[in-house]
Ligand code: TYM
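This document opens with one chain alone, in structure tokens, the form predicted on its own.
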């Protein structure tokens, strides 16, 4: 099962090609999903007595360390409480099962069933020339959503954000990264007739910027500091950027798609660390009389060093990049892949391994299509029958194939393709495929 593993939904052909998750995988993984119905503008403060525990912000993700120094995985139950979300229940899933597509969340699902339009919005912060495997997860799921609902998609490339937050990068670099990352995104197979990819450096202006300013006036300096933890030494661009990331949530930011219509809501598939931005956005939307965006939050794709943090494009040793060679993938998994195995083979065979922290197993849980094989691998590893080297070998094989297929598709994407996807002068039809009401 290709396990996208969406964890939260804040209120708001087997031909070898890269394909989105199967219907079955999305249905099962949605059992772990959550829906946020809070429009609070700030993150709920963590318990002071738990200050040593995990940290999850849009720029830093770190799991906790136990009293005995053990690295622990991200605790999503605590994030549910801290971010004010709730898990998707079986009632919502049952609404989706008749067509076996999507597990939206109430308001978006209602619109779909009623034949009313909505659009998808997701993004990428271009901090390197190549995206990594962790970035593929939300884009695979977004591609699946677009295929199922046949709706417009806008993809924001936040080259301005990376320049503001990473002082080692120049504006020219991040803008160049955005075009390179656009090729990676296009290689996922999005419909050019329904997809607009834009660079903030190139696109922000006109109606989009008008929304940015409207949003900015609704967010106080104290709100921004409280939500994101900024201090007086942070540049003012960081404080203002939340308005830029919020603006694509509103349909009238894209006149070549929606004209001046402002009442079409969006669904945002993203990683859960982006939640603070959209908690503010939902609060502002109410003040501006715009529809609140809905979100589907995904779990983090673990760094090679373990599930305590996520892959980072800024750290080559933490990530499997989509440009990596088969040997690079093999060496990274073998050298840097955090193991849940024991120190010796004798201990491992006696006590078994820990699949909750083993990176190779975690990667298989995201990409392995065969549920029975995954279950058997996990069972054998925990029982000590399967050794760490054997588990890593299966993971390496799977990742090499996934990256190989992607690279074949990526090689076919041209600069002309990028220009077409990023052309703001072309008209994109806002209509979408309506759900059949017949069984």
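On a predicted model such as this, the values are computed, not experimentally measured, just so you know. Residue numbers count along the first chain shown, from 1.
Below, we refer to the form predicted in complex with the ligand, which is not included among the displayed structures.
- With a 4.5 Å cutoff on heavy atoms, residue 274 counts as touching the ligand in the predicted bound form.
- When contacts are judged by a 4.5 Å heavy atom cut-off, residue 301 counts as touching the ligand in the predicted bound form.
- In the predicted bound form, the ligand lies farther than 4.5 Å from every heavy atom of residue 341.
- Although the partner is absent here, residue 152 is not a contact residue: none of its heavy atoms lies within 4.5 angstroms of the ligand in the predicted bound form.
- Screening 215, 137, 145, 108 for any heavy atom within 4.5 Å of the ligand in the predicted bound form leaves a single hit, 137.
- A single residue from the set 156, 211, 281, 174 has any heavy atom within 4.5 angstroms of the ligand in the predicted bound form; that residue is 156.
- Shown alone, this chain has one stretch from 282 to 290, 120 to 128, 224 to 232, 326 to 334 that lies within 4.5 Å of the ligand in the predicted bound form by heavy atoms: 120 to 128.
- Across the proposed site, 245, 268 and 311 without exception bring a heavy atom within 4.5 Å of the ligand in the predicted bound form.
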